[in-house]
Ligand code: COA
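Only one chain is given next, in structure tokens, and it is the form predicted alone.
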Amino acid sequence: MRSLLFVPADAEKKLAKAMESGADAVIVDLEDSIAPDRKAEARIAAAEFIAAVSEWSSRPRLLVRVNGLETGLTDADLDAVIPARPDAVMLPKAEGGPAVIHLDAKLAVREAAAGLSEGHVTVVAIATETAQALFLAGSYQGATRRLAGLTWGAEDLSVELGAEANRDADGRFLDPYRLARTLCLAAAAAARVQAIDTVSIDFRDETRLARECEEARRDGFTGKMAIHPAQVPVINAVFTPRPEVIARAQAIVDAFAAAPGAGVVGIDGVMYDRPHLARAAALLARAKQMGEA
């Protein structure tokens, strides 16, 4: 998933537009974008929407961001949406492996009741929204096979830290949030799941968005969340491997295939070792999944 677009569950027109946005995934939101007195109605709307589009032959992946475990609202969210067969649940304010294990158990019960195979619904966790979560980032490894991705957020974390801002005057994240970003990236690598970058909140600033995407891809993230359909084309473009990058990766794989016992190969005067081979193979696998290779 290169692009994951948030849409409020009770915004019917926005949901329809999201399905045509080109996003790889649509996140139907039951959490922050829904007022407390609208939660029940939003659950019904989310379930109806997912049920209506889940059988489309060509569609983005469908995720539901439920309310966090600490709110007491998660069970009602899951009761409403799991029978509609979403592809995944996004867990906000997740606090490490124990949180996704807890969610796993809740999902298993509801999958059984809905006649779904166990593990049908995967999990993407937002891993940095509380201070405690930062200390638990390393505990996702091996927690559950449902875990498909980790992402991070700065807004809730800045509130908990009592910070006045989370970005500087140039729009770059300040140190506490760069730490959170790094911990998310490392946690995803350790758990062998996708690392997804956080949102860029100024959806009109395409230059800043492109910069954030480029920096995220450089560091190891393979996708980014969006809050507006206009952000989707930029995100998709940056996180789609370019033809010359694919060609270089293929050349590295081919060179090692031609010399299976080698620890190092040379291509055009540049030396590549086994870590380069692993990175090239991962890029080719991702490109193939996107239909680019």
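Start at 1 and count along the sequence shown; that's the residue number. What you see is a predicted model; the values in this text were computed from it and never measured.
Heads up, the form predicted in complex with the ligand isn't pictured, but that's what we're talking about next.
- When the ligand is considered in the model of the complex, Arg43 lies well away from it, no heavy atom lying within 4.5 Å.
- Residue contact check for Arg172: none of its heavy atoms lie within 4.5 Å of the ligand in the model of the complex.
- In the model of the complex, Arg279 stays away from the ligand, with no heavy atom inside 4.5 Å.
- Under a 4.5 angstroms non-hydrogen atom cutoff, the ligand in the model of the complex lacks Gln250 among its neighbouring residues.
- Note that among 133-141, 79-87, 106-114, 201-209, the stretch whose heavy atoms approach the ligand to within 4.5 Å in the model of the complex is 201-209.
- Against the ligand in the model of the complex, the set Asp29, Arg65 and His228 is in full contact: each member has a heavy atom within 4.5 Å.
- Along 1-36, a non-hydrogen atom within 4.5 Å of the ligand in the model of the complex is carried by Leu5, Phe6, Val7, Pro8, Lys13, Lys14, Lys17, Ala18, Asp29, Ser33, in order along the sequence.
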